[in-house]
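What follows is a single chain, given as structure tokens, in the form predicted on its own.
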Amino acid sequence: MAPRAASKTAESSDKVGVICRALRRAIIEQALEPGAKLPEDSLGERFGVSRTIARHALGQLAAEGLVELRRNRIAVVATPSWQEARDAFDIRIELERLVVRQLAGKLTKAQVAALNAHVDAEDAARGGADAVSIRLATEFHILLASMTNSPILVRYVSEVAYRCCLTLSLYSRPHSSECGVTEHRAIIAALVKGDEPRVMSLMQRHLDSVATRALVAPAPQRGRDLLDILAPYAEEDGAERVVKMAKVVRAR
């Protein structure tokens, strides 16, 4: 591939990544509720990119299960059924038992410090918005997966964890960040000790309790303007590419 073409491809990939990160975080933090429309032209203007790049980003999020692509190129935030949500948690439990089994007794001091620092951030977020606590709790599990150095595990754990986050905006009772912090610290301690059976059991109980707390009843949807929702997420990750735009049709 010619240098100029390679550079252009890399730039497009970077822009797709910016949109994916912003939308993923907005969905995880429940700023975008299930069923919210994601028009390509609005996303393109919001992030200062072409509709083609916006379409590629939506396709990537669809592969992760966070977005549904419908007829006539209409994309919406995915709306998983209650059973799909329960299945996602069941799959997640098995994947993350495998993660901690691989990590038990093998974490470096730097990795332990990184995990403890992340849980400290979770603790500091207690008392704030539930959505932020949920995002931080999810990122703890993805951080664990990344420490296995297994691209397949990282990919699958990330995707199923994000899908579980999505279900929280549909079927959740108030989030218990205190429980999550305590359980995460117990998991770290068992990993450090190298107690493989205990840490696998702790992870299963932890995710089972998360599912039990989460899968309760559908929450009412909110009507908000897509541009207003995405503004802080777009500005955090590539503010120089964000352009001001007029109001669009409200997400439903």
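When you see a residue number, it is the position in the sequence shown, counting from 1. No experiment lies behind these values; they were computed from the predicted model shown.
Unshown form predicted together with the DNA; subsequent notes refer to it.
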Query - the DNA: the contacting residue among R213, R185, K193, R51 in the predicted bound form [heavy atom, 4.5 Å] - result: R51
**Report entry** Contact residue in the predicted bound form, chosen from A121, A114, I91, I74 - any heavy atom within 4.5 Å of the DNA
**Finding:** I74
Query raised in the report: Every residue in D14, E40 and R55 with a non-hydrogen atom within 4.5 Å of the DNA in the predicted bound form?
Result: yes
Requested in this report: Name the stretch: of 26 to 34, 59 to 67, 41 to 49, 193 to 201, exactly one has residues whose heavy atoms fall within 4.5 Å of the DNA in the predicted bound form.
Outcome: 41 to 49
